[in-house]
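A lone chain, given as structure tokens: the form predicted alone.
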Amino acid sequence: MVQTPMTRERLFALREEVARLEGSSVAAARQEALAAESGHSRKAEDQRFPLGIAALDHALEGGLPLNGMSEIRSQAMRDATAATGFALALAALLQRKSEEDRSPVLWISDTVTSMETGIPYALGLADFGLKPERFLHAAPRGLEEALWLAETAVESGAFSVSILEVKGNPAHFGLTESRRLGLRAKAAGRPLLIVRQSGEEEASSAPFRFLVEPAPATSRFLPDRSMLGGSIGNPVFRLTLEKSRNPAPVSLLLEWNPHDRQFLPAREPEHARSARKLPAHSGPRLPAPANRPDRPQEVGPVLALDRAS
């Protein structure tokens, strides 16, 4: 088949576009292969960090990946604090693991996400089980800078864990960018957490994705180890492992103990109900007004004034 100059020009343009899109992923794959050949890749048993919950560790095939990317998702912005708290709890566990090298934690969030969810607070981090002096927060101006910073932080190997917080499902953070980040983390042998606030399920190269929702907090312990009724104790997360190799998602309640820095299994209180099942108006309905209709009338074909033309 004879190709015209226009056909050849379009073919070359398509090849250049494909090379541009896949160039970063190929480079990351080459770095991964070089790291494996040079002996920098860790053993299989050292690539997982158990969270201390048997059912969850079994579903995670041994624990949280230490040389790859994991995703944490919240369905709505009202659940952003739960997703943030779970990510910070994982960061506290990884920070405790790296006590010897004293590697800091890096939290990356763009300006738009910070306006919605706020920024980390040093005293709150300390009360949650983290070391504020080993916690760094970066606020890039846009998503592209945030992605670049996440790649650079993972490649440097200077952080015990890098956390990238994004809002929703941005168009510039798709499967290609996700695969590139995953390859960078795997080649460097460092964990990377993606916190997707108010996002929908979408294709991702992360082997595990957690859906985090808020749950009723536990009661506070008294000195005699009894529970103080009506009090507010440790935070509890409703965790669903919605992406893994398991055929069915794993759902459970996890309590976070910030003093011991460990997860504990929690149970649903008998008197507690999900916030989504509560009625919109807890009180009695108001009676209809006596001197006017209770709702506007439907728009009909009759006009109050004559048409101008």
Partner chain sequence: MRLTALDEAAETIGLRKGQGVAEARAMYPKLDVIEEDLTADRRLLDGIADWCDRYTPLVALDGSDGLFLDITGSSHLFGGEQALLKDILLRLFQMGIDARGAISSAPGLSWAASRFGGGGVIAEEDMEHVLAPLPVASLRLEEQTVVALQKLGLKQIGDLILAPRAPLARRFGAKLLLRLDQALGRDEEPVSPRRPVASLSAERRLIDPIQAEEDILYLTGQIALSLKTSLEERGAGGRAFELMLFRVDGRVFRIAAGTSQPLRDPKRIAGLFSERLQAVHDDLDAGYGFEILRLNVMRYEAFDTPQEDFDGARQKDISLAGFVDRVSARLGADCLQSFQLCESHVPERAVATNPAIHALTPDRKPAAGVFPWSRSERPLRLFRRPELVEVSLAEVPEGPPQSFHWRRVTHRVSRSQGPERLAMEWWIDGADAQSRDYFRLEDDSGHRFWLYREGLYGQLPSPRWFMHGIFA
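Here the structure is a predicted model, which is why all the values come from computation and not from measurement. Positions refer to the first chain, counted from 1.
Another form exists, predicted in complex with its partner chain; not displayed. Remarks below refer to it.
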query	finding
In the predicted complex, the residue from I72, A92, L106, A188 that sits within 4.5 Å of its partner chain by heavy atoms	L106
Heavy atom within 4.5 Å of its partner chain in the predicted complex - residue from I163, L125, L211, L143	L125
Whether F49, P65 and E201 all lie within 4.5 angstroms of its partner chain in the predicted complex by heavy atom	no
is_contact(I194, its partner chain) in the predicted complex, heavy atom dist at most 4.5 Å	no
Distance check, L239 to its partner chain in the predicted complex, heavy atom within 4.5 Å	no
Exercise: G230 in contact with its partner chain in the predicted complex, heavy atom 4.5 Å	yes
Heavy atom of R78 within 4.5 Å of its partner chain in the predicted complex	yes
Contacts with its partner chain in the predicted complex, stretch 133 to 158 (heavy atom within 4.5 Å)	E133, F135, L136, H137, A138, A139, P140, R141, E145, W148, L149, T152, A153, S156, G157, A158
